[in-house]
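Have a look below at one chain only, the form predicted on its own, in structure tokens format.
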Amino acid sequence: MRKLLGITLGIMTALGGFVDFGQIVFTMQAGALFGFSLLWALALGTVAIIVYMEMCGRVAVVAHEPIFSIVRAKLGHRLGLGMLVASNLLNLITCAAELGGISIALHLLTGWSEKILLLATTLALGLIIFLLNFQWIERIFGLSGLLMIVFAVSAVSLKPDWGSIGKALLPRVPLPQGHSGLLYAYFAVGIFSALLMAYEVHFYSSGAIEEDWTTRDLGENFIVASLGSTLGAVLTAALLVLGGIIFLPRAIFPDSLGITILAGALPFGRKALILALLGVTATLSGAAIETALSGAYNLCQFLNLAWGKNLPPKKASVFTATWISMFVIALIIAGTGVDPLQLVNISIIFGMVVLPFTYYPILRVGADKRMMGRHVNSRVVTIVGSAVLVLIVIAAAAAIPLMIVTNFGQPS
């Protein structure tokens, strides 16, 4: 029974942390422009994150090494240092976007000042991290993130064309032409990237060590990675479907978090709107915590310093100071009034650029029989992981040019 509870909580935790600001707005914008036709990018990204999340959890358990220690070892100090700087800059930008999104959602819920809510939210999240251990942080925000199911219920209640949804799981051929074709490619890359954000695997591998997983927990690791990510992908698909049903026929481009939240509650009214606002607040809070902690994990693992949320702050002083600093700097960024949606666009596209340097070391260690022993990748996992890595490299090369020519995905 205890094992079943652990698996259930793990799945719920993966579900709660899967959907962040990027998925909520970016994916619904894709639906508003192209209907269901980009569901294939979501399906492809889901397969990719399942393969690599399971792999990084297994590597962390068997090799007793978190991801950034592996990055340092496999990429070398100089390139690894570049990855550390790039990853933590993206963590800061993403954390600032999540904090800004939380203040918007709470403003819609309460009517209070966004500036006050931004400060209060940051202080509250910092206090939660300081007072609670890793397991309770993970479970609280994972379980509360289940409120996002209201978006899936809303999508189903609007009676989408299930045949069209099934066809959209295959890549669209021929592609749209001209600016529409470039927009289509931009959103395909963005959806794929948003599902593979580096902080997810950094946090997940560190969490496996924080929770003292052993090789006996590898079955749980597989279930959490596969079912949790699949459930999260279903919620993300619901956002895209809502965009296609509500916004596409009306030629509306949802360019704010408030509009996307409203779409999730449209079929049911005020009570559903409150649930949607609470669900968004919970899942953005979980993402903000993950990015702040990931920044601290990355730095300490790279420098081989004591780290871990479950350690007393005095024993992991640099770790504690780093996640606090991440929150403070993110608060300053968000407090300047910069549009959180713009921050999200930057983090998704530039995040794509660093993904090859995150996932290559994971694949290399996972396939290394000397390090992994009998828990080495199967041939199928290595083949699929290699194919995914090739797609990641292609998408990384295309990300910034597409961002420039489409002006961050703006319709003409």
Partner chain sequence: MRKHVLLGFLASYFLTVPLAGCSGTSSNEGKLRSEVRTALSLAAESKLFLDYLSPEHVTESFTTAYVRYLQQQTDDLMARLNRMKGPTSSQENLAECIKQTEALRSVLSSPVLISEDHARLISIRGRVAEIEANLKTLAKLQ
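Source: prediction; values computed, not measured. Residue numbers count along the first chain shown, from 1.
Below: the form predicted in complex with the partner chain, not depicted.
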| property | result |
| --- | --- |
| All of G76, L266 and G269 with a heavy atom within 4.5 Å of the partner chain in the predicted complex | yes |
| One stretch from 291-299, 208-216, 107-115, 309-317 that, in the predicted complex, holds residues within 4.5 Å of the partner chain by heavy atom | 107-115 |
| In the predicted complex, the one of G335, P176, P160, G258 near the partner chain [non-hydrogen atom within 4.5 angstroms] | G258 |
| Listed residue that, although the partner chain is not shown, lies within 4.5 Å of it in the predicted complex (heavy atoms), from A120, I274, L331, V153 | I274 |
| L343, heavy atom within 4.5 angstroms of the partner chain in the predicted complex | no |
| 4.5 Å heavy atom contact, F247 and the partner chain in the predicted complex | yes |
| L38: touches the partner chain in the predicted complex, heavy atom cutoff 4.5 angstroms | no |
| I252, heavy atom within 4.5 angstroms of the partner chain in the predicted complex | yes |
